[in-house]
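In the block that follows, a single chain appears as structure tokens, in the form predicted on its own.
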């Protein structure tokens, strides 16, 4: 059966794809699991508007009543926001189960990439990608986002990998699987809340047009997989490295003591870091997502013009 039979593309997104206009995919885990209601709904709508203001059509992605959705209504976003953690957090492995039972699912980076690719959307803006968790040598806790980047042709614009992760091992994994990590106007890998880390990106590109040209060449040659476009948080919203490191270390200790692991770990750690920083990390999180939406739109516009 054709995968399109399971997919509903919103009319404005369908029209944009049909007429060669730029479209930017957006994930929905940030709505249900990323922040409290009603701030989550307001932020989701603000991110969509940011994409529109910069010349592209937003396609927020989720599973609603068992249907894969590329483009949500305000009602859909409100439903995800109100339900919060009661919504299933969906990665690639979870999609058929939520579809089969007609359920409600918020898509992670991996699941958003899957559905975006089905819809023919090539650029996706999010906060930060998942990666190799600290202590993965024992736990083997590696985000499915990384394997998705290795096989699915979608560029992911993000503020690097979440700083709660092992950044060195995350970069090693991406290199092994042939996923390029591009720094937008930076030589250093951004670490989500901070503008840089101790690690370098594979390539630095300084304009959306350069990034679009590389994407075009990669996919035209039949090279599979996506690309990480690492876009540093704007300087005025970045957090002091010492403060964020201290909060992360404490949150990691608490997660270990409480036996929190797997897909529950990232929402727990981000919530604890937010609490430990007095809400500063949530404010930074919102600003970096908006910044990624702007760059995602610019890359999508440049890509469509090629």
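Keep in mind the model is a prediction, meaning the values are calculated, not measured. Positions refer to the first chain, counted from 1.
The protein also exists as the form predicted in complex with pseudouridine-5'-monophosphate (PSU); that form is not presented, and the subsequent description refers to it.
- With the partner left out here, pseudouridine-5'-monophosphate (PSU) still marks one of 130-138, 70-78, 198-206, 167-175 in the predicted complex; by a 4.5 Å heavy atom cut-off that stretch is 130-138.
- Site annotation in the predicted complex: the residue of 144, 114, 189, 179 reaching within 4.5 Å of pseudouridine-5'-monophosphate (PSU) with a heavy atom is 144.
- The partner is absent here; in the predicted complex, the one residue of 64, 255, 41, 270 having a heavy atom within 4.5 Å of pseudouridine-5'-monophosphate (PSU) is 270.
- In the predicted complex, at least one heavy atom of residue 109 sits within 4.5 Å of pseudouridine-5'-monophosphate (PSU).
- In the predicted complex, pseudouridine-5'-monophosphate (PSU) stays beyond 4.5 Å of every heavy atom belonging to residue 58.
- Contact annotation: residue 92 falls outside 4.5 Å of pseudouridine-5'-monophosphate (PSU) in the predicted complex, judged by heavy atom distances.
- Using a 4.5 Å cutoff between non-hydrogen atoms, residue 30 counts as a contact of pseudouridine-5'-monophosphate (PSU) in the predicted complex.
- Annotation for 245-279: interface residues with pseudouridine-5'-monophosphate (PSU) in the predicted complex are 263, 266, 270 [heavy atom within 4.5 Å].
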